[in-house]
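We begin with a single chain expressed as structure tokens, specifically the form predicted alone.
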């Protein structure tokens, strides 16, 4: 069974509640039809009920199993607005301003999650990344002990000898341009947790560099070595090693030559890149030249799973991201 099938199967078991703020967007409605048929998640669509049902009927879609909530008229508006004021009182947010913000489905969806009325959110089919993430940063915020949001990709290979039965996890490939050592450590720990929650693997994390165990001296090497020590302190049970070069991380003979006795070298299934430049280029090289399938980016580090879509996304992309988000929400 491939990764996406495993993710969907687990999502069916979990039955988490995912809110889709772009409720009248046609790809979102087609995805909802599929999600409900496959029982991947419980779904709430945000928007005008008559408009959403009219579009669904016109397209021959079955969305009767989804809840439809209009942010402009919902009975929870006052409750959510009061929560917003309390959370942003240091910024001077007024009740009137909060109610105005709640007219935006992206803010309303985030407040559903904050109030415990939904487990996660997927948006971005018709909204820019900044617009999707801004309400999340303001009200859901990051996990305790985590200050950065990052993005991972699951890279799926035909060659099953690579990584974990043909799968590697790459991070950060989407968000943080130049993380410092502490931020890089957080990215490593959250990526390992995401890999375990979503792909059900035991993470073996390699902290990548152009040096292996001091073979080169440079501030960029020191950053990765320091990050490795910090990540190990954050999670003493985590299998993590670094700094190391890519071949030392993936090729057993090279790994044991360059880092003898390491439990990660030559066996890594999670690769943490030293910066966004390397991570973004790395995943695209592997995708385009090695023919790997890239699933993501999956955002991590938020206190609740909120994922951003590409505005060029397909219906299957939305279905897959809802399943991934449901897995991130995990057991309640």
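Positions refer to the first chain, counted from 1. Heads up, when I say rigid core I mean the largest set of C-alphas that superpose within 1.5 Å between the two forms. Values in this document were obtained by computation on a predicted structure and should not be read as measured data.
One more form of this protein, predicted together with ligand ACO, exists but is not displayed; see below.
None of the heavy atoms of residue 66 is located within 4.5 Å of ligand ACO in the model of the complex. Residue contact with ligand ACO in the model of the complex: residue 297 places a heavy atom within 4.5 Å of it. Shown alone here, residue 34 lies farther than 4.5 Å from ligand ACO in the model of the complex, counting heavy atoms only.
With a 4.5 Å cutoff on heavy atoms, residue 284 counts as touching ligand ACO in the model of the complex.
Only one of 77 to 85, 138 to 146, 157 to 165, 97 to 105 lies within 4.5 Å of ligand ACO in the model of the complex by heavy atoms, and it is 138 to 146.
For the candidate set 251, 201, 176, 193, a heavy atom within 4.5 Å of ligand ACO in the model of the complex is found for exactly one residue, namely 176. A heavy atom within 4.5 Å of ligand ACO in the model of the complex is found for one listed residue only; from 89, 218, 134, 229, this is 134. Residues of 115 to 132 lying near ligand ACO in the model of the complex, listed in sequence order, are 129, 130, the criterion being any heavy atom within 4.5 Å. Core-aligned CA deviation for residue 100 between the shown form and the other one: less than 2 Å.
Comparing the forms between the shown form and the other one on their rigid core, the Cα displacement of residue 179 reaches 2 Å or more.
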